[in-house]
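As structure tokens, one chain now follows by itself in the form predicted on its own.
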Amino acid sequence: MPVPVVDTNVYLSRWPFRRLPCDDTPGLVAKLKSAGVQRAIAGSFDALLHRDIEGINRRLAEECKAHGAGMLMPAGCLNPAIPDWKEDLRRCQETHAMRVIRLHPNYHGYTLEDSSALELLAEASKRKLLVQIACEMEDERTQHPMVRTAAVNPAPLFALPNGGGRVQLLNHRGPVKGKSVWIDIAMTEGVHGIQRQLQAAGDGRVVFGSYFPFFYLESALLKLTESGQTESGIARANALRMLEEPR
């Protein structure tokens, strides 16, 4: 029997630079179900290069509703570098009933030190939304030469009270300083990699994230098995606690 899992890091639509297996929503959902995934937080690859933020979020919400079978939770795209981001945030929550937003600072041209980014984190915290920050989408060595993006530096978050609210780092390779943010295991590598994450972030702050379909889903599941963490909170319980709205 597959281990029950909450996957905090999947993507719908098409990766801009090549076709991926299961990059159609029905196929992705079928794959997740077969692996024991009970719920998945889904962003959109359209968020990287498309400029119509509301269009991205509307399509994402529709895809999750039409094909997600109650499994997919849409994570709305926001870009604080454009003037109307507050209206996009309002629509995410009030029009599309999204409880999660997902940021891509390196593709949208801002840092976590920018005043607009800090304002967005504060506003999302007021609205009791979970903010996911994608630190890296592709290894720099394989990126398209016309679209080079360095990994996001999450260090400014660690200096903020409570990490800037409910914040999760996706695809983060480096160490986490302090226990104020959640982190997924999608890009955790090396022997005892998950154990090092647990020591740095705390047992309750490490969650399952596969970055499927860009990465193989089986790869993330194997990390749990090899680290002896299949029955730990990483597979499911930590993510459910992360998704709980603060009182």
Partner chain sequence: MTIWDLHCHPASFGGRTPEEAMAETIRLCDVMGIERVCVYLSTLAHADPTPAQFRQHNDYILRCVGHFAHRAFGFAYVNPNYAAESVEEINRCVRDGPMVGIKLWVARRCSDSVIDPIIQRAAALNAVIFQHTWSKTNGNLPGESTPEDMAALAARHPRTPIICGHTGGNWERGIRVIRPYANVYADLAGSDPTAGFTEMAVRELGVSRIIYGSDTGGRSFSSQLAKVHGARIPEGAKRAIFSENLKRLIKVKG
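None of these values were measured; they are calculated from a predicted model. Residue numbers count along the first chain shown, from 1.
Below, we refer to the form predicted together with its partner chain, which is not included among the displayed structures.
Participant: Where, among 160-168, 87-95, 143-151, 127-135, do residues come within 4.5 Å of its partner chain in the model of the complex by heavy atom distance?
Facilitator: Of the options given, it is 143-151.
Participant: Using a 4.5 Å heavy atom cut-off, which residue among E218, E62, E54, D203 comes into contact with its partner chain in the model of the complex?
Facilitator: Filtering the options by heavy-atom distance leaves E218.
Participant: Give a yes or no on whether each residue among R14, A66 and G76 has a heavy atom within 4.5 Å of its partner chain in the model of the complex.
Facilitator: Zero of three within 4.5 Å in the model of the complex.
Participant: How about F45 - does it come within 4.5 Å of its partner chain in the model of the complex, if we only consider non-hydrogen atoms?
Facilitator: Result no; F45 lies far from its partner chain in the model of the complex.
Participant: Does any heavy atom of G70 come within 4.5 Å of a heavy atom of its partner chain in the model of the complex?
Facilitator: Answer no; every heavy atom of G70 is more than 4.5 Å from its partner chain in the model of the complex.
Participant: Can R58 be called a contact residue for its partner chain in the model of the complex at 4.5 Å between heavy atoms?
Facilitator: R58: no, not in contact with its partner chain in the model of the complex.
Participant: Taking the shortest heavy atom distance, is H192 within 4.5 Å of its partner chain in the model of the complex?
Facilitator: The answer is yes: H192 has a heavy atom within 4.5 Å of its partner chain.
Participant: Using a 4.5 Å heavy atom cutoff, which residues in 199-229 contact its partner chain in the model of the complex? It's fine if the answer is none.
Facilitator: Read in sequence order, the residues that approach its partner chain (within 4.5 Å, in the model of the complex) are P213, F214, F215, Y216, E218, S219, L222, K223, T225, E226.
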